[in-house]
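Let's start with one chain on its own, the form predicted alone, as structure tokens.
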Amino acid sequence: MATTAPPSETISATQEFLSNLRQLPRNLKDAWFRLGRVPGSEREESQATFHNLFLHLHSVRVHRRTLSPSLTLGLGLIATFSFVVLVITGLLLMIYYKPSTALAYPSMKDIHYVVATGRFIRNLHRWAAHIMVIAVFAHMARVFFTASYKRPREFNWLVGLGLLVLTLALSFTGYLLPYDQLAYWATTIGANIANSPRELTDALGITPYFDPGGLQKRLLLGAQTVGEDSLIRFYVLHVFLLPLLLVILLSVHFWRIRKDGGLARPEDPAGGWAEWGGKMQRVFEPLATKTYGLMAVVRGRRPPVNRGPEGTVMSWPHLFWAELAVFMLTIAITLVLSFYIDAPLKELANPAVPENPAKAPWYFLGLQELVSYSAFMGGLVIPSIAVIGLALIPFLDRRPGGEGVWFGTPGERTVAWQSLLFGLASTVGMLAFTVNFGWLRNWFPEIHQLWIIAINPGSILVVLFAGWSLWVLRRRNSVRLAAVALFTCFLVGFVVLTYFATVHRGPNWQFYWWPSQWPVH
């Protein structure tokens, strides 16, 4: 009986090579996409998610509420995509940038005026940084006002808080790298904020023995003043250490979102609708205390317990297209801003000629306004109170309800509006009072510095906001509403102080209605 020879024996090596060459595009596609084609069923859509590194970050199914732009506003994705832009443009800038006090500014001039598209790439980097900072702040506010920090998401709230701190640190360390006048004096202001505990130790006369402010400043700058050591330190932090930490925390953040059952949302009624095979169909009635997984039905306390697939659709392609839309929107906004508005580049840094006014980066201007009244309170105590308070929110507000819904607790929207007005009136009123009448040092020139530290506009605002929150707690008998009151007041205070320091503070930190009224030097 004749046997058929293997294909390799019936054709020549040349024919085999040409055949493989013709099939190269299809084989490359099959190697890249393990499924080999566009998914045509629910099972294949699940496999597309499992077999792709990036899609595997998502669960197989996603709730339809998660895809609603009005719920998340895409803020977390905007922050993430801005970071991606920052990494890419930062790597391009590193090719030409030279981290030394003698060469940093000339290399920035070359990037700005000589390197092809260098100015545009720098603009992209700067605007992506601003967008990321704004998106992270707004994302935190969104998570809070939708009560998405509640169990089991307490840990992820803390991770998000760490991402906020790292984002601010990344932006601050990048501020010095151009080494122009703006960068030098903004960094000097930041170093003075780090040195703020010295105000208290000086008032107590213990600085020679205990100087935490000096230690903080020394750790930050590597020296007593901004210079070569500071530039190298900021460069290493900006291009290596801080991005590495941010990527680690960001990975944990995404991982916990999936393990905590996706984005926070209200419970769906049993026996609802879900997508099956590309069509919305009614699902089975879920059984109590069960977890519906791919492998088994088990008892437990994990987030998916008692949840069926009601209201869900396949992550592929629905979530992928939503993320792609947010990515394109982020890129479009960054490109437009970068095309029309250049990143500033002032004169070479000169320690002998201070900027007047010397202002910190905009996201620290609210602190600088508080520091102008008391360095210790504004630079250390009030920021510490804010960070600790934010970290404690999920552990003090333990009552379930309202998760995944804007202002989901009864009366929450009313309290938020009332707190907005109270915070606005308190902050604007305090600023107007200090501008017109001054403060303790203006009234009592010989007053001891400890009184200035203890009683200043910043500490008064903290007391007012805390008192308002406690009043809401007693009147409304709700920890959630008290938290909303306090968070809203601090958010409004931060925005007003940042605006006031940006627009109305001029030379010698004096009040001016508009920058056009500044005296001409």
Partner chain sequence: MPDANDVKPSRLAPPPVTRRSFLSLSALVSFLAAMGTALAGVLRLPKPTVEPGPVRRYKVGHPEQFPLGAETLFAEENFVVRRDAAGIYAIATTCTHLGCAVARTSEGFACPCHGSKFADNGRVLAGPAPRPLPWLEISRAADGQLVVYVDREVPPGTHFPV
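Numbering follows the first chain given and starts at 1. Predicted model, so just to flag it, every value in this text is computed and none were measured.
This next part talks about the form predicted in complex with the partner chain, which is not shown.
Within 4.5 Å of any heavy atom of the partner chain in the model of the complex lies no heavy atom of Lys150.
Heavy atoms of Pro354 reach within 4.5 Å of the partner chain in the model of the complex, making it an interface residue. The partner chain is not shown here, but in the model of the complex it comes within 4.5 Å of a heavy atom of Thr188. At least one heavy atom of Arg218 is located within 4.5 Å of the partner chain in the model of the complex. For the candidate spot formed by Gln224, Asn442 and Trp509, every residue has a non-hydrogen atom within 4.5 angstroms of the partner chain in the model of the complex.
In short, of 354-362, 83-91, 126-134, 167-175 it is 354-362 that has heavy atoms within 4.5 Å of the partner chain in the model of the complex. A heavy atom within 4.5 Å of the partner chain in the model of the complex is found for exactly one of Arg265, Arg233, Arg122, His139: Arg233.
A heavy atom within 4.5 Å of the partner chain in the model of the complex is found for one listed residue only; from Thr434, Gln418, Ser100, Gln449, this is Gln449.
Applying a 4.5 Å heavy atom cutoff to the partner chain in the model of the complex picks out Trp185, Thr188, Ile189, Asn192, Ile193, Glu199, Asp202 from 182-206, in order along the sequence.
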